[in-house]
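In the form predicted on its own, a lone chain appears below as structure tokens.
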């Protein structure tokens, strides 16, 4: 399984000279499975350039939406394949008692927000609601599960040939309470992330910033690291960067997260920062190298004995 980041920003695109390293496009990740078929995780503005890089061989297309906030769907109508009659596109996303997935997406792809409507798109479009659902896409087993965020929101666990990718880009597992006081079975997203090869996870705020954003649906550094400690993935890719955070700021945030993780006994290379065009081969990741005073016997930190 391979991964490529096309957008790692949260909330709103943040282009400019201050964000050229980590990128300004909103959430979109391309996943290549063991049979070379592809999944697309979210349709933020990063999906536009992904669409430009795709070929006729990249059919059919499966897009897994975590939720319908603008930063996760605003690139959909700029995704080239939706305008091709040869494209077969299946969109998966959360259910809502209010309206179908198709009808909710159609609110954004319609006047006055867009010059075209969903019904006018020439591609073969299919919509499926994926709440609490487990199904196969090619060689992969995909599981969806609701997670803590504003509005109906899913996290995804994708398993292919023994490799596991968990994608939870918008997540507030603690809701202001320390995760250490919560049992595993009550932690949002716990089963999705447990022992994953790679966990892509929300880390939008510093701990100080989070105090002014309780209940907004996003994660501070301390909760992100505690969630990692509890769920024990091999690597974590910190994601959904705040639009106010410059490249220099994110360098500092990443260094702080790595230092704190090593103090917990983890390895420096277990904590990664998402950057546009970052590519990872999940089957070829080297074994983590444990360092730090708390590493002791060289094992990773565990939440329980």
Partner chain sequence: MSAQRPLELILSRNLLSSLSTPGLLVGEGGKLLFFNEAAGAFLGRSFEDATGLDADQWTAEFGPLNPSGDPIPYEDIPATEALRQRVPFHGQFAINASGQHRPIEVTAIPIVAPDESTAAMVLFWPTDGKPIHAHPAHLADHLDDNGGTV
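Residue numbers count along the first chain shown, from 1. Since this is a predicted model, take the numbers as computed values, not measurements.
The next section is about a form of this same protein that is not shown, the form predicted in complex with the partner chain.
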item: Exercise: residue 78 in contact with the partner chain in the predicted complex, heavy atom 4.5 Å; value: no
item: Residue 189 within 4.5 Å of the partner chain in the predicted complex, heavy atoms; value: yes
item: Residue contact check: residue 177 to the partner chain in the predicted complex, 4.5 Å heavy atom; value: yes
item: Contact label in the predicted complex: residue 157 to the partner chain, heavy atom within 4.5 Å; value: yes
item: Sole residue of 146, 106, 142, 125 within 4.5 Å of the partner chain in the predicted complex, by heavy atom; value: 146
item: Position in contact with the partner chain when the complex is considered in the predicted complex, options 182, 137, 118, 89, heavy atoms within 4.5 Å; value: 182
item: Residue stretch of 78-86, 207-215, 190-198, 106-114 approaching the partner chain in the predicted complex, non-hydrogen atom distance within 4.5 Å; value: 190-198
